[in-house]
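Read the single chain below, which is given as structure tokens and is the form predicted on its own.
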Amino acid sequence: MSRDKTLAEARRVLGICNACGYCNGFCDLFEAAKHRPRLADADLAHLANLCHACRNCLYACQYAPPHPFGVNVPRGLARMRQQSYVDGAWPRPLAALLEHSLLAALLVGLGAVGLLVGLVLMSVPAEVLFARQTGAGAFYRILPWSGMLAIGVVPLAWSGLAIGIGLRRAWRATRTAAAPVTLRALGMAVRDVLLLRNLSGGGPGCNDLDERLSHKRRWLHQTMVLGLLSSFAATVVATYYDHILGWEAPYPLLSVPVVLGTLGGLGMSLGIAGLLWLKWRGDRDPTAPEARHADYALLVLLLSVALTGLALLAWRDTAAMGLLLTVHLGGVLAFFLLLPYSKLVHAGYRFIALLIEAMERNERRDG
């Protein structure tokens, strides 16, 4: 769907919602929309990122299909969210990666893995690469620390810059000038992020699969994020061990970085597998194909990183370690490169929307 049609449809359905008011108690979205009666383009971007797609409104709506009005708020705002990521992408030509998420994930993933495997095959002797490597420094016999550092730092620096520019654009476009940023508003937004309050729908949960209410998506999302954070913590601890204490990887199975990495990989795998199952089995009426493709692309990319990491742990003392390490780092490289052009940017856009909403609620309360 074109940008103009996406904006027009989001404006149409939210205009009907503002006139109706039946769903105002479900989540923050409808109360926020009531205070934005103009529904300008910036308002639509803010409201779309405030929506957590709990879907309660669709199944409760008297104007939902097959009514002639055809109101489908979750689908309209899913398209609007995806459009906001495209609008904020930097540099502009790379926004095409967001518009073709599955193809981008496939090509960049295979390209990154293929590039690293090719470089390792050319630079590491076969008797080293396909031999059983054990003991301190075993990983560095395949790829030196400087190479691993470059795989992480260079794409992350680029991605941080690109994401930062996109979020700055979103902040400047959607923030109201009158509402100030306060510690109380920041605390409210952080709490909403951690608890995923808006993934509780109107309270009893989301319509994850159909009209039945549940908290499955919220729990699985938190499991995945905790796994990702645990994996990041494992990397930080391993870096401390290597550069401060002088202990080279791989580390014992019961060491802190290995335990954190194992828990992280398992948490990510469990959470992602559950989310993929929900998306595959769930009602597709509340979703948009472009948003669904972006979800699949990110989840599959993350799952490949988690599973190759667990495989590396399981077979690190075998002759397969060299190739497993290379494939895993290729997946990590692809993930880092695609960060600004994947569904993961929704975390920043959603935090901005939650912060703005907290600022405006405080201003209304204090005023």
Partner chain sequence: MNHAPHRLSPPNPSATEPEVLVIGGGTAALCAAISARRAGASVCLLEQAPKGLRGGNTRHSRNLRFMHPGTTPLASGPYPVAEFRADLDRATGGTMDSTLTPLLIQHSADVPDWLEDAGVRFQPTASGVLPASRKTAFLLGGGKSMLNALYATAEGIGVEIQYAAEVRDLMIREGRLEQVLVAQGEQVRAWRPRAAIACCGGAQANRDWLRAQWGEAAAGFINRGTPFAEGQVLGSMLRQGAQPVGDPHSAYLVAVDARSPADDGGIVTRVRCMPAGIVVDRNGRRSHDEGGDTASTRYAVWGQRLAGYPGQIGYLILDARGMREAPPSLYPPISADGITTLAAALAIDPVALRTTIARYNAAVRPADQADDPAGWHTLGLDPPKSRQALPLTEPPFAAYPMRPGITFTYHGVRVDAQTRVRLGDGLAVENLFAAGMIMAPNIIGRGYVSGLAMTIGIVFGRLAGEEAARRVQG
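From a predicted model like this one, the values you see are computed outputs, not experimental measurements. Numbering follows the first chain given and starts at 1.
Form predicted in complex with the partner chain: not shown, discussed below.
- This chain is displayed without the partner chain, yet in the model of the complex the stretch 25 to 33 from 334 to 342, 46 to 54, 25 to 33, 305 to 313 comes within 4.5 Å of it by heavy atoms.
- Under a 4.5 angstroms non-hydrogen atom cutoff, the partner chain in the model of the complex has Cys61 among its neighbouring residues.
- The shortest heavy atom separation between Pro93 and the partner chain in the model of the complex exceeds 4.5 Å.
- Taking the partner from the other structure, the partner chain in the model of the complex has a heavy atom within 4.5 Å of a heavy atom of Ala19.
- The closest heavy atom approach of Pro204 to the partner chain in the model of the complex falls within 4.5 Å.
- The candidate spot formed by Pro66, Phe69 and Glu211 is fully in contact with the partner chain in the model of the complex: every one of the three has a heavy atom within 4.5 Å.
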